[in-house]
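Before any questions on how it binds or moves, here is one chain, the form predicted on its own, in structure tokens.
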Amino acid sequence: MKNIAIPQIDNASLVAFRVFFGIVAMWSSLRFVLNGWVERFFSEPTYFFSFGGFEWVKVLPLSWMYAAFYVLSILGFMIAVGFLYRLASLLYFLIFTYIELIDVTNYLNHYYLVSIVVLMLVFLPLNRRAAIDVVIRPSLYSDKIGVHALYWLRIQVGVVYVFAGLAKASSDWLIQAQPLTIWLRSRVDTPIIGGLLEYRESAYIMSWLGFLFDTTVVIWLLWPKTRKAAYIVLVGFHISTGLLFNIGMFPWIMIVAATVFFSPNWPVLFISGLRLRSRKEKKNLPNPVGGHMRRPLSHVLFIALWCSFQFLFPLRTHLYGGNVLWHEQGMRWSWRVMVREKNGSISYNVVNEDGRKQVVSPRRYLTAHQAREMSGQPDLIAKLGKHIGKKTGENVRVFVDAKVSLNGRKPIPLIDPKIDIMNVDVGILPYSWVTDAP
């Protein structure tokens, strides 16, 4: 396939992104070890919810799971310093994604984002500057990169923000200020601002600000005149939400990710500016690299296909109709961040072949964390019901009593209580056994 000419830019900003992302990746893995989460999520459970098509992914013994997180921490450091960078990125992607796939109840949007970004790093030559790889192989050094690499990362980060914003364009979020009203009232003990959080007006203000932020921040970051102010707002937004809500490393990942919208040579300008100010000199600061480089057309086509998938995949929920916050089909991997609060009371009615009945609680098989996450997700409720049926014996019927509240509404049955869960299909087809949304 023929080569095409691609404008080249300074690679300093993307190298800085590699360093920052590697540090975040290293720390996020260490947190699991330091907080005791490895044992909590991978040793205490006796049953794990598999992702469709990945039932073959099984948890390892506890010592191996600890080893996996230690290895991830080392790999994150290797990415940051640019040592065996591509291999480290590939191994981080494989191990991290394996851990993600062990249990659906551990799914978080930013875990998915980490997998995506670290896979992108495998294909991006970000170890040609400020990297140990260059020290080992000086011939690798380059201060240039094709502009397509920058656009690729910008589009990926932009997709997260835009789809997160579009998911908030709903009556629940904008008109009812839910679920923020529920969450803020649970944080009235927050120092200094706690007294303000009990007012409904606070939830409305934050709902609209969150919607406007997510849907427009990419525009402000792309416009040089508003970029600095937008990034300051972005940092403040993510830190404040991180302090108010338990959302893990997501704020820090997004703070780092947003740096891809800066000028391609911003680290050079920043360092040069510091040197000039320290010397009280006035000189022209370096400008971005110009010219073109030739790259195979296949590279550009691959990025185009990648970006097309990232645009289209989150839209798949519209094929199902109904309220995705209720039936959950298309909810995962669609960047619907913090848009629903579901609380459920779940129990299973198991009917043996001879007609004897017994009521089974999910807590017989699940940890508190798993039971809480499962209670509002129909596919997980059905999967556990099937598991209970198989454990109970042959020719049993399993019915579920699932009363669920969505965003503060009155609890209603999520699943038709007359449906035998053993006979339902938990696949990609619409769930006819899920009730209509309230």
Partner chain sequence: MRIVLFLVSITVLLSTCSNEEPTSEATDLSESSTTYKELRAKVIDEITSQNLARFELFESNLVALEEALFILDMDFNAEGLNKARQSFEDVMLSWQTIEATLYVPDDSNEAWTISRDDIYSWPLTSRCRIDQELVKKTYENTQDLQTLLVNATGLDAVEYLLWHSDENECPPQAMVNADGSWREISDLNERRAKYLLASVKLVKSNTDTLKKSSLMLGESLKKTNTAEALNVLSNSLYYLDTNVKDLKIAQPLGEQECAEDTCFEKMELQFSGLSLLSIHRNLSAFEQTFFADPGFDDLLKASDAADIADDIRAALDEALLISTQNVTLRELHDTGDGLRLLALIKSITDRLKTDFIGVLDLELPQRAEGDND
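Note that the structure is predicted; figures quoted are calculated from it, not measured. Positions refer to the first chain, counted from 1.
The discussion below concerns the form predicted in complex with its partner chain, not included here.
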In the predicted complex, the residue from 298, 240, 226, 345 that sits within 4.5 Å of its partner chain by heavy atoms: 345
Single option in 319, 359, 312, 192 placed near its partner chain in the predicted complex, where near means a heavy atom within 4.5 Å: 359
4.5 Å heavy atom contact, residue 41 and its partner chain in the predicted complex: yes
Exercise: residue 364 in contact with its partner chain in the predicted complex, heavy atom 4.5 Å: yes
Interface membership of residue 58, its partner chain in the predicted complex, 4.5 Å heavy atom rule: no
Proximity of residue 52 to its partner chain in the predicted complex, heavy atoms at 4.5 Å: no
Stretch in contact in the predicted complex with its partner chain, which is absent here, among 163-171, 87-95, 262-270, 74-82 (heavy atoms within 4.5 Å): 163-171
Sequence-ordered list of residues in 180-217 near its partner chain in the predicted complex, where near means a heavy atom within 4.5 Å: 182, 183, 185, 186, 187, 188, 189, 198, 199, 200, 201, 208, 212
